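Before any questions on how it binds or moves, here is one chain, the form predicted on its own, in structure tokens.
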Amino acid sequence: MSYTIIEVCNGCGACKRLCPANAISGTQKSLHVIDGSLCIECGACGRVCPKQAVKDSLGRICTAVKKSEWEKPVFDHKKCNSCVICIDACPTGCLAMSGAMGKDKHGKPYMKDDKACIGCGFCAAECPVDAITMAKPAAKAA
């Protein structure tokens, strides 16, 4: 079951702009709609909605989170077997493989485009060797 948008939606379009599956439609200042056949349940719409107008697949209201606090993948390259499943699982294409490093002829995954990451965690969920964990970015020093 996909995410849904409820009547408190103010039509700001933040969800529509962020959805990597183009599953959200609607015009400005009108209730937006999620096409369940396209929704990949990444949760980005719920994290970005300022009106808490998105319900997850279990019917729970999603809470908005500042984008700077969205969890990002952290790679344990000692565990990684360079299978690239994480890269294939990423709906935004924010991950890439490095070139060969030292004795490793296959390279390792890394965050190619930090701003494109929506913190869905699909990369970590799909990793067969648990080499990826999701964590909030460290706070920047003032």
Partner chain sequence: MGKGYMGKVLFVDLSKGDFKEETIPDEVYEKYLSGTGLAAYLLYNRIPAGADALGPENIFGLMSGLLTGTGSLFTGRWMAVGKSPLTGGWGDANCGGQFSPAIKRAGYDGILFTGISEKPVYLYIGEGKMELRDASGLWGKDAVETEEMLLEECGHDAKVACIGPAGEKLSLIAGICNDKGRIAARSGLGAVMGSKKLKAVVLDGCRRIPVADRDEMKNLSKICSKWVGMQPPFVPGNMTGFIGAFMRILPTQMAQDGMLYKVMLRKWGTVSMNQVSAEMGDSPIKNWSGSNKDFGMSKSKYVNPDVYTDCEMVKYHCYSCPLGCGGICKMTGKFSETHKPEYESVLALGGLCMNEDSDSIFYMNELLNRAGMDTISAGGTAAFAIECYERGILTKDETDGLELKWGNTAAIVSLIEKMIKREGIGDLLADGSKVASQKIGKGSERYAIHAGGQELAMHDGRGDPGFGLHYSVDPTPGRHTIGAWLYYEMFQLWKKVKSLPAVKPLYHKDAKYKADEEKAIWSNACSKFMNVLNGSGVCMFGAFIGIKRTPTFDWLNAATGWNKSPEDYMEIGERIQTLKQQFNIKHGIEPKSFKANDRSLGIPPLLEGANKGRTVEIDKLMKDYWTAFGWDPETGKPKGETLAKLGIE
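Values in this document were obtained by computation on a predicted structure and should not be read as measured data. Positions refer to the first chain, counted from 1.
There is also a form predicted together with its partner chain; it is not shown, and the following applies to it.
Contact with its partner chain in the predicted bound form, judged as any non-hydrogen atom within 4.5 angstroms, is confined among 54-62, 26-34, 69-77, 103-111 to 103-111. Contact check for residue 127: a non-hydrogen atom falls within 4.5 Å of its partner chain in the predicted bound form. Taking non-hydrogen atoms only, residue 50 never approaches its partner chain to within 4.5 angstroms in the predicted bound form. By the criterion of a heavy atom within 4.5 Å, residue 20 is counted among the residues contacting its partner chain in the predicted bound form.
Using a 4.5 angstroms threshold between heavy atoms, residue 91 counts as touching its partner chain in the predicted bound form.
Of all the residues from 27-41, those having a non-hydrogen atom no more than 4.5 Å from its partner chain in the predicted bound form are 37, 38, 40.
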